[in-house]
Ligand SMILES: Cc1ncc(COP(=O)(O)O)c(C=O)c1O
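Below you will find one chain, with nothing else, as structure tokens; this is the form predicted on its own, and questions on how it binds or moves follow later.
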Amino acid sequence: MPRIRPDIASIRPYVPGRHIDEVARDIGMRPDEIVKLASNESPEGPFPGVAKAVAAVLTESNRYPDTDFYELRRVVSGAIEVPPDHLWFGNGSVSLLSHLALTIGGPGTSAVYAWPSFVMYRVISRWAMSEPIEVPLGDGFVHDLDALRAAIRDDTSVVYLANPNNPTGTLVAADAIDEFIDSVPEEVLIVVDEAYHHFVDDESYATAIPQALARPNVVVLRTFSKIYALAAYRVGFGIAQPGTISELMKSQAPFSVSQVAQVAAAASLGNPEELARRVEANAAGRRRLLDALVERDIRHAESQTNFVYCKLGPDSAAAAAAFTKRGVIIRPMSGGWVRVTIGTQAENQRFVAVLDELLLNLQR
């Protein structure tokens, strides 16, 4: 074996939600009998017009993609009303996170974030040779901003805020985020990860984009993987000041997003009616799942995303395995907690049916 960096060797590999075909082979079911509610994917396919737009550029695969993202930049700029030069694109928001960590971190630095939160904050910090500082969530599984601020040290280079948070689905109100940003030293980068922005219906919430436009130490991240149903294409973008973006891009390889992915992302925008329909469908499914958990007296967090976070006993892996055996894939977390993606109405009903079947065997 070659010598591996000890800090990299110590990383626990990211474990994605199991693929439907893999589970079908393991349990002897057909793929169309399996319900996957483990990866926060959209239960619907791409937006209308995406497949046609992608098909039109498939014959251009002999050319490198547009490194300036001209068309995608133009469309996203209009959709979210930010100047084009304040946009930064990458191979999914996780890719952008890794570039952030590599650019801002390094030996002798630290990164602060809540826990549990997006596990990749821990991983990218290790990649960057930064010390991860994990701050427990507060009451109601919400970010404890006072504790996060107190955890910032002289060597802290970045703070990650998932708002809404993954895996709990909870959020921090806009005024609290603004106050937190005001309290953080200007030399510390604040990354507000808004991957689940579109699913929120809590009126206390607002995007942090105005802060990213106004401050050189704030970056807001978004993704096309969730509401826009392009998880397979890997397209994410950040909003920040141009000077900040130019520095962050120094750790990013060229041609980071394929031309097909750029076209698919651009074609996903400009359809507000379809966007609103999908948002409402998710909200309705979320309400039904949360109501089902309340009716069964199952501990859970108040989600504002496309998933719910609940406790199904002392052993998360055993609970998830019991669901998987019955054709419903959910995501085990830690401490008996699991994460369940909002699916179609039929998929949500399937989850509840299996939950009822197993409930007597799950010690809460």
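The structure presented is a predicted model; accordingly, all values stated were derived computationally and were not measured. Throughout, we count residues from 1 along the sequence that is shown.
Note that the form predicted together with this ligand isn't included here; everything after this is about it.
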Q | Contact at 94, 166 and 223 by this ligand in the predicted bound form, all three, heavy atom at most 4.5 Å | A | yes
Q) Is residue 118 one of the residues lying within 4.5 Å of this ligand in the predicted bound form, judged by heavy atom distances? A) yes
Q. Might residue 278 be said to contact this ligand in the predicted bound form, defining contact as any heavy atom within 4.5 Å?
A. no
Q) Taking the shortest heavy atom distance, is residue 196 within 4.5 Å of this ligand in the predicted bound form? A) yes
**Q.** Distance check, residue 234 to this ligand in the predicted bound form, heavy atom within 4.5 Å
**A.** yes
Q. Taking the partner as it appears in the predicted bound form, which of 73-81, 223-231, 135-143, 261-269 has residues with heavy atoms within 4.5 Å of this ligand?
A. 223-231
Q.
Which residue, 162, 101, 208, 112, is the contact with this ligand in the predicted bound form, using a 4.5 Å heavy atom cutoff?
A. 162
